[in-house]
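Given as C-alpha cells, the chain that follows is alone and in the form predicted alone.
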Amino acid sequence: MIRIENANLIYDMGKGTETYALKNIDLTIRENKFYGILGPSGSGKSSLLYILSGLKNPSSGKVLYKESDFNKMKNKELSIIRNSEFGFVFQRHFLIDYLTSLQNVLVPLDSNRAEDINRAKDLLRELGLEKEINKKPNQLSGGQRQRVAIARALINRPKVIFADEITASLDHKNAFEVMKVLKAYKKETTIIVVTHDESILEGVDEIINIWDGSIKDDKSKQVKKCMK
C-alpha cells in the first residue's frame, strides 16, 4: 500500500546545522495490518510517520502510495488523498473547543446530511461515548477527547490511520482502551501508531524499531499472533 525507497529526510539542508531525521529508509506498509513505530524521543519515528502520510516529502528517495510517488503529486492531489483516504490522530487531539463531540467528528466531511450525522453518532456510540455526543471538549476526560479524535479520523472510512503518540498523555488504563478501540478497526483499515511505549503494542502485526533516524532490522519484530 505504501512503500518507501531509500528515503532520507534532512532538516536545514545546506546549512551548517543540517540534521538527518531519517537515513536510508526502506519500508513497505501492507493493507489491513497494524503497525507500531517504536523508538525514544528524537529517534525519527514521527518524521517517518510524516513522510509515510505525505505531510512531509523526503529530501531524497521515494514514497509511493498505491504506486504513485508523493514527490510528483501536486499539493491539490495530496490534499485530496489525505482528506479522503487518510485519517490522522495526534497526541494533541485538536478538537474545536466550541463544537460538540458530534460536530467535531463531522468536521472532515463538512456535512449536515442525515446519513453522515447518523454515522458520526454510530461511531461515538461504538467508542463508548453515547452520553458524550452533545458535550464539548472541556466536559470530557483526556481519554474521551482522544476517542472523539479517533471517531473523527474514522468518519471518512480511511484506508490508512496515522496515529502519533496518541496515548502519551493518558494513564495506562485509558491508553490500553484507546488501543483496543483502534484494534477493532484493523479489518477495515491499515493502522500505523507511533509510540515510545512498547507495552501498548502487544498484538500488533509488526513493530518497526527506529533509532537515530534508521530502522533497526535486527530489532524489528514480526508478531506471530495478530490482533483478533
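In case it trips you up, residue 1 is the first one in the sequence shown, and so on. Quantities reported herein were computed from a predicted structural model and do not represent experimental measurements.
What comes next is about the form predicted together with a small molecule, which is not displayed.
Check: Do D217 and the small molecule come within 4.5 Å of each other in the model of the complex, heavy atoms counted?
Finding: No - in the model of the complex, heavy atoms of D217 and the small molecule never come within 4.5 Å of each other.
Q.
So in the model of the complex, is the small molecule close enough to G203 to count as touching (4.5 Å, heavy atoms)?
A. Residue-level check for G203: no, no contact with the small molecule.
* Asked: Does I207 reach the small molecule in the model of the complex, with heavy atoms at most 4.5 Å apart?
  -> Contact check for I207: no, nothing within 4.5 Å of the small molecule in the model of the complex.
Taking the shortest heavy atom distance, is S41 within 4.5 Å of the small molecule in the model of the complex?
-> Answer yes; at least one heavy atom of S41 falls within 4.5 Å of the small molecule in the model of the complex.
Of the options N57, S53, S46, T189, which one has a non-hydrogen atom that comes within 4.5 Å of the small molecule in the model of the complex? Comparing distances to the small molecule in the model of the complex, the residue within 4.5 Å is S46.
Thinking of the small molecule in the model of the complex, which stretch from 33 to 41, 64 to 72, 180 to 188, 166 to 174 has heavy atoms inside 4.5 Å of it?
Answer to the contact question: 33 to 41.
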